[in-house]
Ligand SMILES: CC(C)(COP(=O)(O)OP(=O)(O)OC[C@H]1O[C@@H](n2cnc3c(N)ncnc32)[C@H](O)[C@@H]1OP(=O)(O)O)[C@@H](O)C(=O)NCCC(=O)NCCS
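Shown below, as structure tokens, is a lone chain in the form predicted alone; questions about how it binds or moves come after it.
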Amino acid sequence: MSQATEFAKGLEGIVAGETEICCIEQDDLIYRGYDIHDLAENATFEEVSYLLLVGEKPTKAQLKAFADELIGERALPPMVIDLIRNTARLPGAVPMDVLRSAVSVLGHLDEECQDNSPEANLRKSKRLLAKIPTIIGHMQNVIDGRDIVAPNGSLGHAANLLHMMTGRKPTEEETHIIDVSLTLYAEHDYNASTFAARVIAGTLSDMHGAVTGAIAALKGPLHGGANEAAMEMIKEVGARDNVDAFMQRAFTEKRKIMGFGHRVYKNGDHRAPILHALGKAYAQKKGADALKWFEIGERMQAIMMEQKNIHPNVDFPCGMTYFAMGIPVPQYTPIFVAARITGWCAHIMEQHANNRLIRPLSRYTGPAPRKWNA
């Protein structure tokens, strides 16, 4: 029997394709030629979204038109609102599942769903970018038992997301933190969910189908769900004085410490220090109850470096930052979707534009050939 000549578990180290969208190196994370530190400091998420989806930095006129278009597409069809109302409080429905279902239904309602042309794909990308924060906001309103908060056309993308979730206008600092976090999460090369989206798109399936599959992939705690799992772990520790004993017990039990390590980065995730600094500064202003999570987290980071030489990834400070801001833990990964939708859609469009079916080989480890009637 023939077998694949090369094998790498989890496709580690395998180059599976080419992309113009993102470059990950040990010392750099680049979106279409722009370094992540430059973007986090100088660009808004709307600008980064335009860059990823369209391919170039927008002019002021292009940015205004793009932002206005997103504002005009924020509202959800009644059928999707009904879906959220009917599922968001079900015992077995976690927010990522509700979001996945809502995006799937949006595909049924989008007249261009089956059109994979570049022009239609870009329009669908904008609609998904605009509507996903609304899904998240309405979902949280239903979970909290409050009236649904409508999108606010006077607010930018990040501020509107927080406004719909809470019913209050966020501060400038809160808006900035969410805006930067969306930029940091917007794109990351051939990660698991993006690769899943490209595999689906490679069959010439549609944009909504590929995004639905990507959401399912992002849900897992070894990918996007790590920010939720990391914060739940920090809550389990509870206090800085408990960290050392917790970590030693975890090492003894070979428990996975969520929010640490990365398949690509070995010298540290470039995004983590950016979000950690913003989150800790915010927590210091909020007071001891918010700051204690960073004190726990920083001690955990120190132990991981001292004993395992493993750096935190962006999910670790994300959990602490969002928790300090009062964002419900189950919405951390949906907010990740609100950012990564830009990268997913860019990759889906790129796959459709230069497509080849993605079909790797496998190494067979089953029984040797045998006879049914032996």
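Numbering starts at 1 and follows the sequence shown. Given the structure is predicted, the values throughout are model-derived calculations rather than measurements.
Only in words, not in the display: the form predicted together with the ligand, which the text now covers.
Enquirer: So in the predicted bound form, is the ligand close enough to residue 222 to count as touching (4.5 Å, heavy atoms)?
Expert: Contact check for residue 222: yes, within 4.5 Å of the ligand in the predicted bound form.
Enquirer: Does the 4.5 Å heavy atom contact test between residue 167 and the ligand in the predicted bound form come out positive?
Expert: No, residue 167 stays farther than 4.5 Å from the ligand in the predicted bound form.
Enquirer: With a cut-off of 4.5 Å between heavy atoms, is residue 313 one of the residues that contacts the ligand in the predicted bound form?
Expert: Yes, residue 313 is a contact residue.
Enquirer: Can you tell me whether residue 262 touches the ligand? I mean in the predicted bound form, with a 4.5 angstroms heavy atom cut-off.
Expert: Judged by the heavy-atom cut-off of 4.5 Å, residue 262 is in contact with the ligand in the predicted bound form.
Enquirer: The ligand is absent from this chain, but in the predicted bound form, do 226, 258 and 304 each have a non-hydrogen atom within 4.5 Å of it?
Expert: Yes, the whole trio is in contact, each within 4.5 Å by some heavy atom.
Enquirer: Which residue, 108, 286, 249, 266, has a heavy atom that falls within 4.5 Å of the ligand in the predicted bound form?
Expert: For this set of options, the contacting one is 266.
Enquirer: Where, among 344 to 352, 305 to 313, 46 to 54, 62 to 70, do residues come within 4.5 Å of the ligand in the predicted bound form by heavy atom distance?
Expert: Of the stretches listed, the one contacting the partner is 305 to 313.
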